[in-house]
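For reference, the chain that follows is the form predicted alone, supplied as structure tokens.
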């Protein structure tokens, strides 16, 4: 079985070397890049399982790159950044990142976060990859929603995690605690904000009325419930 591939995009050679050594010792394959243009060129030839992305890049805005990766690549995206403000973390998650690690960090922490993301991805790969519900088709193998007319709307890996959670448990209350346990991440305000952002984006892509959504209902003080009829293939 081929070891998972982790790409490292950071303009600091010492950090690239440190992460490469730690990840390879943990059994991962790695590719490292100092510039976004080199990284994007490599993506045309390979498909990483996890992308570690620094936000402060010399040739391209890191947040813009994270957003594109989240929409177009099947990989999990973990931001590694010296930007420690809450708003920076929230923005990264809003744009589709799956996790956010603040510099300085211990290499063992990054390895643990990468392993956690791969564990969270595994159920998605093992279960059915296509779900139909209320005139929509969700293709989890290519991160795409298709409506009854055939119009396509891409969703990110992070949004896909939440959508799959709803589609696997239709018409059942899903508490915040259950979401945190299933999807991972530290409980608290940051996790709650990340979930609010992902659910809001999903509602927009499903063309829900923000004042009266019909598919993803908020049960205040309790959690969420998905009211659609779902079939998997």
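Since the structure is predicted, the reported quantities are computational estimates derived from the model, not experimental observations. Positions refer to the first chain, counted from 1. In this text, the rigid core denotes the largest set of C-alpha atoms whose superposition between the two forms falls within 1.5 Å.
FYI, the form predicted in complex with the DNA isn't displayed, but the following is about it.
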- prompt: Wondering, does residue 76 line up within 4.5 Å of the DNA in the predicted bound form on heavy atoms?
  reply: no
query: Is there a heavy atom of residue 113 lying 4.5 Å or less from a heavy atom of the DNA in the predicted bound form?
result: no
- prompt: Are any of the heavy atoms in residue 157 no more than 4.5 Å from a heavy atom of the DNA in the predicted bound form?
  reply: yes
- prompt: Is there a heavy atom of residue 197 lying 4.5 Å or less from a heavy atom of the DNA in the predicted bound form?
  reply: yes
Candidate stretches 59 to 67, 44 to 52, 200 to 208, 29 to 37 - the one whose heavy atoms come within 4.5 Å of the DNA in the predicted bound form: 200 to 208
Residues in 202 to 222 close to the DNA in the predicted bound form, defined by a heavy atom within 4.5 Å, in order: 203, 210, 211, 218, 219, 220, 221, 222
- prompt: residue 108: CA shift of at least 2 Å between the shown form and the other one after core fit?
  reply: no
message: Is the shift of residue 99 between the shown form and the other one large enough to count as movement, that is, does its C-alpha move by 2 Å or more after the core is superposed?
response: no
query: Hey, does residue 174 budge by 2 Å or more at the Cα between the shown form and the other one once the core is superposed?
result: yes
message: in the predicted bound form, the Cα separation between residue 209 and residue 92 changes by 3 Å or more relative to the shown form; did it shrink or grow?
response: farther
